[in-house]
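First comes one chain, alone, set out as structure tokens in the form predicted alone.
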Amino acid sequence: MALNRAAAIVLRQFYLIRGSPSRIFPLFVWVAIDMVLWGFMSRYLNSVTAPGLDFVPALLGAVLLWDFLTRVMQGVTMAFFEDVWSRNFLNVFATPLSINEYVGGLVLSSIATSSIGLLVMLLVAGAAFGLSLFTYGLMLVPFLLVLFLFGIALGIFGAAVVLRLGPSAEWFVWPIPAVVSPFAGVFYPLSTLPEWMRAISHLLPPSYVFEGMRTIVAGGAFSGTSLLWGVGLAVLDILLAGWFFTRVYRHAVRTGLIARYSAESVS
């Protein structure tokens, strides 16, 4: 894979964002609103519960981590949707750009945009609500890594779905984080879920992150084995998502679907 070709995808996204303020605001406005809303909710819960309970690192921290995953996924899908909306696929793949380089460019774009969102969330949560990263210690780094990898996998999968079904299928992509979140145990322990939901949860890398976060906040020791399971599953999900995207792309080229790609194509 030639990095300069993948970087060309990132450069295109940079020019699009630079030329449109409407693309700049979503990078930080929504995450800032989430931090403010959940931050005040955490403070309220602190005021009506028994002394000694602190919802800021548990609740606001969970929102921060989940928003990071969502922004990573949307970093991939939004860069892909720019080509969908502009019907730019034939132009892109008429070049020597390979499918691996294209997907690599989407991932690099996601790294840039999600980093901005993460920085804004950390600044707002720390300055306004006193959320300290030292609460989670060094485990914050592997936590973010697992969420980043899984977010990339979701983004690639979502892009493949739209490539196969057409632009109107983007409405299948936006709810993906909301559908996954109940199984990931973002705001509650997995023990509260029914058995069939817990079975699914154990297959989702974020569930290991949020269980570990709550364990650390409660003063317990987080199992390194659980973290390794989370990393392994996240890597596996990326490989499966990449395989799925490649299969869909080859199908689109072989059948001519990519040439007749339009807002009306849904099958």
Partner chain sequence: MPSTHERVLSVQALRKQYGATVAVDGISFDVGRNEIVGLLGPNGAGKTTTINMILGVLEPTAGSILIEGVDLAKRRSQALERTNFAAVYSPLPGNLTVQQNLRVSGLIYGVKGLSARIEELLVQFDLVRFRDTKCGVLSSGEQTRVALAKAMLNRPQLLLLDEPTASLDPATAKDIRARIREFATRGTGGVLWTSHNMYEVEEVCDRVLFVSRGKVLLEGDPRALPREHGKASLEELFITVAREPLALERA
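Residue numbers count along the first chain shown, from 1. Computed from a prediction, not measured in an experiment: that's the story for all the values here.
FYI, the form predicted together with its partner chain isn't displayed, but the following is about it.
- Listed residues Ala178, Leu138, Ala127, Ala94 were compared with its partner chain in the model of the complex; Ala94 is the one with a heavy atom within 4.5 Å.
- The stretch in contact with its partner chain in the model of the complex, judged by heavy atoms within 4.5 Å, is 94-102, chosen from 154-162, 68-76, 94-102, 185-193.
- Proximity of Arg247 to its partner chain in the model of the complex falls outside the 4.5 Å heavy atom cutoff.
- In the model of the complex, no heavy atom of Ser132 sits within 4.5 Å of its partner chain.
- Proximity of Val253 to its partner chain in the model of the complex falls within the 4.5 Å heavy atom cutoff.
- Within this chain, Phe25 is remote from the site of its partner chain in the model of the complex, having no heavy atom within 4.5 Å.
- Contacts with its partner chain in the model of the complex, taken as any heavy atom within 4.5 Å, map within 2-21 to Asn4, Arg5, Ala7, Ala8, Leu11, Arg12, Tyr15, Leu16, Arg18, Gly19.
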